[in-house]
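Coming up is one lone chain in structure tokens, specifically the form predicted alone.
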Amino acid sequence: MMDSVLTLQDLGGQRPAGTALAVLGHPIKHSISPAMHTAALAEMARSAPRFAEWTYRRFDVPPEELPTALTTFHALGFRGLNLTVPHKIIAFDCVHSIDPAARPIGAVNTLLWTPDGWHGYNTDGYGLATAVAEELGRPLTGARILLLGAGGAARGAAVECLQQRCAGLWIANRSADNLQQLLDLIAPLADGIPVHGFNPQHPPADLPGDLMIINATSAGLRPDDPLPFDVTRLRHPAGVYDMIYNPPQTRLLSAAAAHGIPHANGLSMLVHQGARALAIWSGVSIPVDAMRAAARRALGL
């Protein structure tokens, strides 16, 4: 049951035993969040037995059913929810209140039960910032960053980079309209930080050579995907972080490895955003190593 993909119908209108958590998505079968959170809760229960009664399950919820689903999960007393594709943006206008840090992003991925309704957070930015510092050995703060993409993942990354006070932000995206929409969205957050946009096929001649590259596109999910950016266009890249974690070695990361550039995939971001969500729900320190080990096992690594 714990590993199954459930639907709203499986709840049967019954309040779950213990403290219930869940991740909602469509599709959701690929999610390894249950493995990560279950491992963390088992470790937490060693010192705090109350966590032995906490459960985390995955529910397939079509986007048109999300408003009803959120009402149902709240009524049944679920303590917290994670939201993944395609629900992060949809839920933004469906929850009772929003954490101030999530407002500029326009998307939430973590919900906490309150008597008045769901309170929404976005832990993706925290996950990215923590992962980059951990994997590449330097923080977003003070870094000059090249962000690849202008979609939902890029929006959260761009906001986090500016909130962390990066030294400069360059955004590369092939769709000029999408790029401009993102630039307009984040302009109020820049507060003196240089922000530039360009087509990755035509990078500007004055592009700094020491940029930290963050890939927020889907290029790399398939073996035949084109390279989202030629790392050799930069003289001394500070590092390459690819949000994709499956496959663990994308073409972008392979190119970085071939040129001796520090690099990492997005598994650490997944782990840290999940750990932050569990901390919000539980109010205690989270065994991140247990979550990381469970995630690697779930991916067969």
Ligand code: NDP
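Here the structure is a predicted model, which means the values were calculated and not measured. Just count from 1 along the sequence shown to find any residue number.
One more form of this protein should be noted, the form predicted together with this ligand, which is absent from this view; the next part is about it.
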Option from 65-73, 44-52, 253-261, 240-248 whose residues, in the predicted bound form, bring a heavy atom within 4.5 Å of this ligand: 240-248
The single option of Pro203, Gly197, Gly168, Gly152 touching this ligand in the predicted bound form, heavy atom within 4.5 Å: Gly152
Non-hydrogen atom contact Thr130 with this ligand in the predicted bound form at 4.5 angstroms: no
Non-hydrogen atom contact Leu221 with this ligand in the predicted bound form at 4.5 angstroms: yes
is_contact(Asn173, this ligand) in the predicted bound form, heavy atom dist at most 4.5 Å: yes
Contact of Asn178 with this ligand in the predicted bound form (heavy atom, 4.5 Å): yes
Partner contacts in the predicted bound form for 254-270 (non-hydrogen atom within 4.5 angstroms of this ligand): Gly266, Met269, Leu270
